[in-house]
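Listed next as structure tokens is one chain, alone, in the form predicted alone.
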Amino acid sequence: MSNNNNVVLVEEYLTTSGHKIGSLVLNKPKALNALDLDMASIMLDALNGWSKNDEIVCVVISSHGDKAFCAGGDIVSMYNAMKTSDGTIPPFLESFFTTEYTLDYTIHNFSKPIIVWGSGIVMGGGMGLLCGASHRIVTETSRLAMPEITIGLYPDVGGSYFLPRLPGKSGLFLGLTGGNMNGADAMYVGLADALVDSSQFDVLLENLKEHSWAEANLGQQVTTVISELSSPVNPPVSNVEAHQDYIDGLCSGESCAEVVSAILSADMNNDKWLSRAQKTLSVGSPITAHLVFEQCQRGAELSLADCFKMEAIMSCRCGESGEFQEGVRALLIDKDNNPKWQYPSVSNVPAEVIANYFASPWSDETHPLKDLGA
């Protein structure tokens, strides 16, 4: 069913009980499996077909290459679209985000178990694929993050929903600082369901094929299969859990400016993880900092569907504002690592500028995700 040149390998595996397992393999290892529009479309089409196929008992989403499951979205293509859009919303961005968010929402609400093998780098768009799955597996090599503050975007792909629901203020802190999470962190904050050794993928696939599938309780059967996998020999230790109380204190302010000031002025006691998070925030986009703070405030009260609808608005506004374009230029195009942000600090960003990022360019009837959750 698949061609090794395809950006996503779509396959079905026959089980010993006569059922089938759907498999989606991200296949752009040289690009760290960054999610592009074609990949998202292929995955969405496959899932829509499998949802109606009674032979399919579960779906496994994985990737080629040991380094990354998915390091984000294809932001170079977005940059090229923004560069020629002259300050308007690029049609390509609207298409990309509409497809990506529909895919993420479909994973969250899929009628059968979805297993995501989140080994290696899992960032940005990769987090969108992982977070919605019913069975989220991480390993000792997993490195998860939402580092959009470095490029003038914000933690999308459902970040508005899952970040404010993490323990304490950890979601806000991770969004503001792009803080890295290891597998133990992902388990602690509730973004993973199993921490296993990175050598176990082939074992997982083989055990799923050999399992005697019953028609009922498919999710519990998958859980049982995963529980039989080996744990890492040297499991990581959670940085978030170790610093939870400190993070909560730093992020207790009532405004974005208060929280950012507290983090930037804090003594991180030579802790490498905290210091790196602090440094990332210090050079990140002041506009993004406001967007993270606001999305966490709003998203805490919204349904998943409404979070994605809000993010479609925010992301398209990012596509026209210039901040996102400049961030990508500095990090990935010219690679000078010297972005010229529109405002020198968080306290300089006018409230009306941030308000515009949440102002829909569409009516309710023309919103591209209007049917999501209906």
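The first residue of the sequence shown is number 1, and the count goes up from there. Computed from a predicted model, the values in this text were never measured in an experiment.
In what follows, reference is made to the form predicted together with 3,5,7,3',4'-pentahydroxyflavone (QUE), a form of this protein that is not presented.
Residue 147 is the only one of 113, 132, 147, 286 with a heavy atom lying within 4.5 Å of 3,5,7,3',4'-pentahydroxyflavone (QUE) in the model of the complex. Between 3,5,7,3',4'-pentahydroxyflavone (QUE) and the residues 72, 159, 179, 183, the one pair within 4.5 Å by heavy atoms in the model of the complex involves 72. Comment: 31-39 is the region of 51-59, 304-312, 31-39, 343-351 lying near 3,5,7,3',4'-pentahydroxyflavone (QUE) in the model of the complex, near meaning a non-hydrogen atom within 4.5 Å. By the criterion of a heavy atom within 4.5 Å, residue 250 is excluded from the residues contacting 3,5,7,3',4'-pentahydroxyflavone (QUE) in the model of the complex. In the model of the complex, 3,5,7,3',4'-pentahydroxyflavone (QUE) stays beyond 4.5 Å of every heavy atom belonging to residue 137. Residue 192 falls outside the set of residues with a heavy atom inside 4.5 Å of 3,5,7,3',4'-pentahydroxyflavone (QUE) in the model of the complex. 3,5,7,3',4'-pentahydroxyflavone (QUE) is not shown here, but in the model of the complex it comes within 4.5 Å of a heavy atom of residue 151.
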